[in-house]
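Shown next as structure tokens: one chain only, the form predicted alone.
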Amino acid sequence: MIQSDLSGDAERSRNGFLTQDQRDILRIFLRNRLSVLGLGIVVFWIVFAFIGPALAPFPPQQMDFVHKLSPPSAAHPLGTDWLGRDVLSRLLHGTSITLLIGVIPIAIAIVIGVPTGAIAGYFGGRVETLIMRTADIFLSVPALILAIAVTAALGPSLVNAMIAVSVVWWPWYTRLIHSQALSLSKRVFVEAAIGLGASHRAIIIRHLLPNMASSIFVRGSLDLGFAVLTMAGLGFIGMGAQAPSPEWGLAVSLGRRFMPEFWWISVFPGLAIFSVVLGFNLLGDGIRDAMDPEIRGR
């Protein structure tokens, strides 16, 4: 590990801030047009999550009954809903909410799943059996059904929906990290660290987790789109965000009562959800391909 770090530092000093492996990853990623498109979509919505509220022409809850259910026009580019609220303003204000409720559950799942998987793979025995059988119980139930059940038990709300998605996702990270920890724990550098008297905690934190970081990153980038879609689905059935939140899934759900005549109320938030999920999926696929050693070796 020390030798690897020194050689990496030397390589960075010769070639700039990136090592050769990192340069290869970046080259393969940029060569994939769909991956770049996904990155562009994600960056676009992240930017709007920060500046969207400032660009919104109206407050998200401002009602104008005179112009309710107005089609897209110069005054209201995406139309208005049944209360006269500007659809574009609510879409822009809902961007940060939709992205956050996708990122936070995955972050929580990583915080829970990665340590438990590393502990199970490193220690083995009864600890491994207990952790992995618990994960298998959660994995035996379809993800969306489990999320609905957890949300129903806790009560419909945005926070409870995020907890439910975290409960659904952590076993996947536990299984991923468990398999890698099993392999890494038998490597020479781990045996050397044990021989030098390193503690179990130090071995897991300093040696195992850094070598699994790329897998966690790839899995997380792929899961973000599915998390956004799952949260939107929970909002659609009334288990997630509650009115008057401008969250996109809730907006699609409430607007469906006015379909197809007043289509813009649901269609534009639905297209926004589609683009975010597509962007994260394309980005995740590109990162996975770029970090694949077999592809980099070609």
Partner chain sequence: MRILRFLIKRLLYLIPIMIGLITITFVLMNVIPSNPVRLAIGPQASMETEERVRRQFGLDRPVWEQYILYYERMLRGDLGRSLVTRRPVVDDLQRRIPASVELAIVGMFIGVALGLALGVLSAVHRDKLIDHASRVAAISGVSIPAFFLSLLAQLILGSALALFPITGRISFEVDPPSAVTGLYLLDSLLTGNLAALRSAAHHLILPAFTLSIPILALTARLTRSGMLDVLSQDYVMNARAAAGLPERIAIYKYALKNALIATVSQIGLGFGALLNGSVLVETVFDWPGLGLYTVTAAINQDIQPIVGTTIVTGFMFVIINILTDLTYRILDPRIEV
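This is a predicted model, so every value here is computed, not measured. Numbering follows the first chain given and starts at 1.
Although not depicted, the form predicted in complex with its partner chain is the subject of the following passage.
Residue contact check for residue 58: none of its heavy atoms lie within 4.5 Å of its partner chain in the predicted bound form. Within 4.5 Å of any heavy atom of its partner chain in the predicted bound form lies no heavy atom of residue 25. Taking the partner from elsewhere, residue 241 is found to have every heavy atom lying beyond 4.5 Å of its partner chain in the predicted bound form. For the chain shown alone, residue 155 is a contact residue for its partner chain in the predicted bound form, at least one non-hydrogen atom being within 4.5 angstroms. Of the stretches 118-126, 134-142, 105-113, 193-201, only 134-142 has residues with a heavy atom within 4.5 Å of its partner chain in the predicted bound form. The candidate spot formed by 236, 273 and 277 is fully in contact with its partner chain in the predicted bound form: every one of the three has a heavy atom within 4.5 Å. A heavy atom within 4.5 Å of its partner chain in the predicted bound form is found for one listed residue only; from 78, 218, 148, 97, this is 148.
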